[in-house]
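One chain follows as structure tokens, the form predicted alone.
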Amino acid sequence: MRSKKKEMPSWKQLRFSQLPLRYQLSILFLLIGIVPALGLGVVVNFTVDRIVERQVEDNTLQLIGKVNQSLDKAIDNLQTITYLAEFDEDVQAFIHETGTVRDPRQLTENMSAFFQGFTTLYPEIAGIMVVSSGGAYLSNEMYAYSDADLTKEEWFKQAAEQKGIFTVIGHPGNRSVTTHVNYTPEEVISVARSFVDSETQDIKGVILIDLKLRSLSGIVRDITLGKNGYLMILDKEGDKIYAPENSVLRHFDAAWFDDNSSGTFNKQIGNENFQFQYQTSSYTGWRTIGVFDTGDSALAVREIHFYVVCYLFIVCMFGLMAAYVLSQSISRPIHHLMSLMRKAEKGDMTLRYLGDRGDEVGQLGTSFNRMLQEIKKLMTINRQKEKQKQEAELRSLTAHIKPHFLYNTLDTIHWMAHKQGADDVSVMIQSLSKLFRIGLSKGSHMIPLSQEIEHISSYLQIQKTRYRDRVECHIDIKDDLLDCYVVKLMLQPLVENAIYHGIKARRGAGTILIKVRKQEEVLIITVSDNGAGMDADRLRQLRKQLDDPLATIETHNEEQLPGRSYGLLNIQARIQLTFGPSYGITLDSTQGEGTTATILHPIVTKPQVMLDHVMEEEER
């Protein structure tokens, strides 16, 4: 069996405005709630990266600065010792080779005791040696190899070149001096200063001090940067003064450092990236370097990122739940109302919205209930009107039987009167016969205007027989309007009112003017008289009754309606039932001067037009 392929939705159906309301609300709530949270998360992550990186760099440089201060202080103590030694009388006697005038043994003992005092006070000093320009030396812990000329040693030369300026040698390297403890060159740091004759500027000797490296390494060894970072100390040439055993580098290229006293650079060593932060001591010229694994330095940032992501995840989940609940709470009652409306469209008017919401949705439901009640009420009224209309048509059809017999009998009387020479009786009987014949009109609801004029003429002929010269009537109508169709028998009640309530109530003869004019697509038919007219209260009462003729007729029977009311209301009801409330009768009257009734009637050239209008009204 061939399966049907599911049709893909078109782009028009995927437009935002074409989506169901609950989807639109969910999308809007998500955009309002989650997008700002995501933006905040991105900004926080970016800001945290920069702030943490800057704070780590600043804190590391501050720590390196403190380490440099400690190193400088340790080296400065050695410089102080060199000055103290220079001013010692025994040392002066030794370097000026005036020891011959003093007991050499006593001089040696005194200087050894002098140096021993320093090593006792500063146990980190490995040894102190004073070498004269002649190559003789004295020391407490240090001694030279047997035939070595210490004045040719590199450290001696460096100190001599500095002319009394304290010189940091660093690791001593290859030299002809050792200690009783036999420290290796990597275990000590050497400093030296030459003694210069103030008068001749000649070098009289050099004092050499070895400092145990552990005194310096103790300052930096226990400092850990981040998780695995560490500090190391380099001399001016980039060679190691101190580095931990796990140091990734033993020598640094001087080109890696810029001219600034401090800075930061990154290097890839092996498969790992390292960050180096350094600061140079202006006193010793040494560089203290902090070494980080960039992965370790980003650990704190990653931890913050983890918390931010967790926060965003919770916000997104909460936003999804809130969007779903809010969209459902709004769209569900609206969807319920739509369901009720669809059922109401199918004719079920018994449905009601039973929600107790006080918001706009609840008000919409209340309005929906009122609308159903009004529609049900209007349907009841329409059914009643339709029933009354059918009953009226039945009564009209029944009433047509009697006029047929009556105008046939009148024709017989007319011919008998004419045969016997009673012409006035014959004319009156003929007019009465036409009156009934046109009134019957084969049951048609509308007749040509020419028949309506013939009908009113017959009626006036009968009335003139009765009132003779008291009533004078003029009809003003153009021939091209005679073929228009009008509602049957609408002029007779107006003329009858003009005679009985206008002319009859005044003294002397009266005139009735019937005038028909065309204005755009409307016939304007006026019936005016110069009779007694009516007062303002009566005119206002009639106009009010004409505003709703059916209601007035339904609430009052013909006997209860005074004078001219019933005929006017009958015409008004028939015209408005046929063509709508835009057409009908308007009244103007002045007491003592007369009354004018104006009929607005659409121009109808075919009876079918009237039927179409009735169908349209029924469809509405």
Partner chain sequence: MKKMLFVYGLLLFAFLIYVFQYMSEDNRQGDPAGMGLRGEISEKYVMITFQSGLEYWKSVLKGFEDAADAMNVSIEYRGATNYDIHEQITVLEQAIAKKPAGIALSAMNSHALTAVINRAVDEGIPVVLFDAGVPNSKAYSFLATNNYNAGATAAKQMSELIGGQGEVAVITLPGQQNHIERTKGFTETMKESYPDIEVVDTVDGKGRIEVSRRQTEKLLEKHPHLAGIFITEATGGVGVGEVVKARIEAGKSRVQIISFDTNKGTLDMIQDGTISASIAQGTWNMGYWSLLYLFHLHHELTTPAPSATDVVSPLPVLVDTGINVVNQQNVEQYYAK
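Remember, predicted model here, so these are calculated numbers, not experimental data. Numbering follows the first chain given and starts at 1.
Note that the form predicted together with the partner chain isn't included here; everything after this is about it.
The partner chain in the predicted complex is not approached by residue 467, whose heavy atoms all lie more than 4.5 angstroms from it.
Under a 4.5 angstroms non-hydrogen atom cutoff, the partner chain in the predicted complex has residue 182 among its neighbouring residues. Among residues of the shown chain, residue 358 is not one whose heavy atoms approach the partner chain to within 4.5 Å in the predicted complex.
Within 4.5 Å of some heavy atom of the partner chain in the predicted complex lies at least one heavy atom of residue 140. Contact with the partner chain in the predicted complex, judged as any non-hydrogen atom within 4.5 angstroms, is confined among 206-214, 524-532, 363-371, 381-389 to 206-214.
For the options 105, 419, 540, 163, the one in contact with the partner chain in the predicted complex, meaning a heavy atom within 4.5 Å, is 105. For the candidate set 349, 269, 509, 309, a heavy atom within 4.5 Å of the partner chain in the predicted complex is found for exactly one residue, namely 309. Of all the residues from 106-144, those having a non-hydrogen atom no more than 4.5 Å from the partner chain in the predicted complex are 109, 116, 119, 120, 123, 137, 140, 141, 143.
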